[in-house]
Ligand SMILES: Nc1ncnc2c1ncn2[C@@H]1O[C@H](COP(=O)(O)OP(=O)(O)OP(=O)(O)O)[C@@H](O)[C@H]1O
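A lone chain, given as structure tokens: the form predicted on its own.
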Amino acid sequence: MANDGLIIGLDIGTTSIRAVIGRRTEKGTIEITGVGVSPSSGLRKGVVVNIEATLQSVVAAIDAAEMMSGREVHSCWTGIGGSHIDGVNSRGVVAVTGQSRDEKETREIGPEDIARVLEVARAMVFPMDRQLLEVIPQTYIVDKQPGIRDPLNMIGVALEVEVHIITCSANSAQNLIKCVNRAGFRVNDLVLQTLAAGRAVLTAEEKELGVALVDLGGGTTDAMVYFQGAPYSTYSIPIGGSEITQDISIVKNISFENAEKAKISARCCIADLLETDEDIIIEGMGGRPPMPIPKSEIALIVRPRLAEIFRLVKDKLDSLPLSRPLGGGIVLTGGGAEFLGVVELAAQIFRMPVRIGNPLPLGGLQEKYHSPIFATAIGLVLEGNIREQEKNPERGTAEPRVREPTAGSPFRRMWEWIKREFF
């Protein structure tokens, strides 16, 4: 059963899970009708470590989105990211075999030639524990003429393609799918989180000039570099918001939970930018009285760790063999992008323009998702819409991978109990 015009994006993160429900309008545009958020405790560094905790968070997030939308969800496009993601560039070349009217003339490039050259480019040897996630064409070359975006129906003898190949841990991917399926939903496909976020926040001009999308997540910091309109590099830094919370916990001698609350309440990384230095009241442990902590002190703890993350991202960026600087600069998404002063701090370290990556305007509940923390979830809706239309141009719907009781069904809880007891 299809989603009847609904496209659902499910962003499963280390600290929170976000579900966004989009509806395809008669004009072909996307309207956001539901948004749901749930705390996440079953992942570490973007990898599932507790299936039961993760599936419960998935159910809670989608239930909240369903309640807001008033529609029932059956399947979703699920994001994947973390330190197990890897990207590599490859090249393939084939002889054009398309038919021409005159055998002496050069031949016309057909869809089968494009399919063959992409197959050659992706024919790399990967370890058995790696799974191919994305094969993204960067540019085509026809008879040594570079810079071609779409070679279909062009005349030529030799067709080349440069692609960006993204792989992930096969076990991590299967565990993620298992969590969503056991929660009572179907996974249409796994989509790289930074690729989805780029779809939601980057402009075509930025991608052409060259831009680095930096997703400041809870467990990891993931980056995707676009150059000349296409993904060029994908990498991950195994440090995220959890390390910032841990720093606050250690310095202030408070629990991790209270440190997280203090971080979210202060939401600042440059103390001088605070208009008022208010106190954050932290609950005392073991009957001790509450402890006030000024926001400026939290900002002083956040700044060094956030600066370290930016320097690590910059070191990777500087090692790329780019022919020219990134004219589009840096775009920040994720929870870390909500810190006051994050743009100023990043600009000091990267020494290039920096902006916050809020999702580009869509119809519907814009005030609910106009934040960098929803960049990936909104991007999953947009990416899912494109892929559904490619699979079935008439209806724009994709076939589900598995069939299970639908979300919102009165039989879902019973089905979950049966799976836990007998499977």
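Sequential numbering from 1, following the sequence displayed. Quick caveat, the model's predicted, so the values are computed rather than measured.
What comes next is about the form predicted in complex with the ligand, which is not displayed.
- Of the candidate stretches 159 to 167, 256 to 264, 314 to 322, 181 to 189, only 256 to 264 contains residues with a heavy atom within 4.5 Å of the ligand in the model of the complex.
- Remark: S242 counts among the residues lining the ligand in the model of the complex, judged by a heavy atom distance of 4.5 Å or less.
- For the chain shown alone, T234 is not a contact residue for the ligand in the model of the complex, no non-hydrogen atom being within 4.5 angstroms.
- Among heavy atoms of F339, some come within 4.5 Å of the ligand in the model of the complex.
- Proximity of L216 to the ligand in the model of the complex: non-hydrogen atoms within 4.5 Å are present.
- Residue I373 is the only one of A60, I373, V35, V48 with a heavy atom lying within 4.5 Å of the ligand in the model of the complex.
- Here is the short version: of G328, G335, G92, P151, the single residue with a heavy atom within 4.5 Å of the ligand in the model of the complex is G335.
- For the three marked residues, G13, Q193 and T220, a heavy atom of each sits within 4.5 Å of the ligand in the model of the complex.
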